[in-house]
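Only one chain comes next, encoded as structure tokens, the form predicted alone.
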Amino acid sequence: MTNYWLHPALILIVGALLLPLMRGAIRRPYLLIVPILTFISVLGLDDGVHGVVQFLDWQLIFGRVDNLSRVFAYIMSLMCIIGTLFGLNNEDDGHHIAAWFYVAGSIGTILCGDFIVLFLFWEMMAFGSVFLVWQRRGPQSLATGYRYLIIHTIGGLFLLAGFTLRYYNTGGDLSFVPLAVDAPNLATYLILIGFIVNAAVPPFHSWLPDAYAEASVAGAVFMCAFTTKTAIYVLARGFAGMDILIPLGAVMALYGVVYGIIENDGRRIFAWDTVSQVGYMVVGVGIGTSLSINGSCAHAFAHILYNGLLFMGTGSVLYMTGTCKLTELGGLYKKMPITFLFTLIGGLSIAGFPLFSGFVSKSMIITGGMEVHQYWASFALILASGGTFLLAVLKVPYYTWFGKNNCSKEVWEKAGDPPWNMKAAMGIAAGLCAFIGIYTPYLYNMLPFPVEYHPYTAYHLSETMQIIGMAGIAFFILRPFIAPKATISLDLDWFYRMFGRGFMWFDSRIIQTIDSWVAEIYRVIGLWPLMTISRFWSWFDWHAIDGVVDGTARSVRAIGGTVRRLQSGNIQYSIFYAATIAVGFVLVIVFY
């Protein structure tokens, strides 16, 4: 390396490798020390380029620190502390190792300066996170993990093809810099597809609700925070101002709300809400102004906290009761009051309620859209805000904590607030959600661009209260229609499944038939001549080659038998025979 620089991701990687050696009383403190050291390392990052490595003809840059990478690295390392604290009572080392490698991949991607290092950490994220799905060991976990891995591998292949083609087009440039979004070429679009797969942009989004709902209780807290927000970072770094992202993000914002409304599983509801909220960030990146990029960064920062809080809340319900399906819950505020309070704070934050984090972040994106006359996109995001309030503040709390008690006797008896570490993690996230909403300089001063923005205006407050009021009215009017039902909601993954079934049918019927025909043709046309030639060479070997060899052997054996009969055992005969042969040999030489 050209200069000494401690990469924050390296702390997590080494810490994960050493974790199996930590046993007894030191294990739990160690689990907290490693992410805390990572966070301190991020706080100590200096602006500039660090960790430059010359590898073959390429210059690899492991550390590029500026205002954009710093804010993302800050919240990722902070969330690693909260997520580890939440899963502190998990005794499976595999969970923590996978989680830390996952976070290391995210931080490594954020701090990288070239596409090779980006790809290295990008794939580390994919392979680290899939084990958080498998860690649950549920009936669907294995299949869900494989689907998740396949989708992200496909996305990684698009990314690899894109930057390889760019390397060829530019004559060897691998630096990860803003791409030419005004004149995109094939390489640009391939890289964009690789990024938006991780951002869960439709139609590449089905992996998200599938994986988040099937991940382990603590694993889902990590998964909801890192993959999509790392994708937002790379989009903001490379594709700021690309127009196609505006309609894609607006569709995401509304699409996620619609599916969240008809969903029954609590974690799937907030997974769909993740799709919706990431849509805001994608719109902000597509707008590309300083204000909108700031808004995407601020919303990613806030979303990591309140979305993690919501998954901790629903995960706590699952951990304590064994289910988080709304049709099997109700009235739990009596049994889990602390969890209810923290989950409500997360709901108010994601819905953009005043004095909470979502209020001061998503409004920056909406305002940024208004400033560049993207009115339709801004109104789509406002509409999605109403749907989010209906979901996170009304539907989930009502059917989980209040409403009719649909809990079975076993579920009701098991219900209760989770262990202290899970409550502490939720408390920290809830406190930060409120702190960001009240003291805006904490977040605004970390944003990449120095833009003046004041969320607490009379217009914004009145607009928000109107949206909240309309959402409340809509909930009570539409409650009979949006009440949770124990059904499966089909999505675009239906097409994936149908394509898979079609491929299996095509493979088993068409390809297998062709393979059988080819095998039969080979047997008749290719195998028969081969066997005929083989039989001829077998005959030749037996009668010709073996005949000569065996005939020579028989002759030698016959001569040996004759010579053996000459051996009578009397030495005088032996001397006589030897002398006779010698005399005969001399006579031949003399008279020849």
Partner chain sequence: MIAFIEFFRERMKMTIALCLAAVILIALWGAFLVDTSHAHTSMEKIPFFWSAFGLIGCALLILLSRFLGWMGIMTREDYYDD
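Residue numbers count along the first chain shown, from 1. Everything quoted here is computed from the prediction, not taken from an experiment.
Omitted from view is the form predicted in complex with its partner chain, to which the following refers.
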Original post:
Using a 4.5 Å cut on heavy atoms, which of 238, 247, 354, 386 is close to its partner chain in the model of the complex?
Top reply: 386
**OP:** Sort through 322, 500, 94, 469 and report the residue having a heavy atom within 4.5 Å of its partner chain in the model of the complex.
**Re:** 469
Subject >> 4.5 Å heavy atom contact with its partner chain in the model of the complex for all of 258, 334 and 390 >> reply: yes
Original post:
Which single stretch, out of 314-322, 73-81, 479-487, 100-108, brings residue heavy atoms within 4.5 Å of its partner chain in the model of the complex?
Top reply: 479-487
**OP:** Could you confirm whether residue 114 comes within 4.5 Å of its partner chain in the model of the complex, counting heavy atoms only?
**Re:** no
Original post:
With the cut-off set at 4.5 Å between non-hydrogen atoms, does residue 370 touch its partner chain in the model of the complex?
Top reply: yes
Original post:
Hey, in the model of the complex, does residue 264 get a heavy atom within 4.5 angstroms of its partner chain?
Top reply: yes
**OP:** Report whether the minimum heavy atom distance between residue 458 and its partner chain in the model of the complex is within 4.5 Å.
**Re:** yes
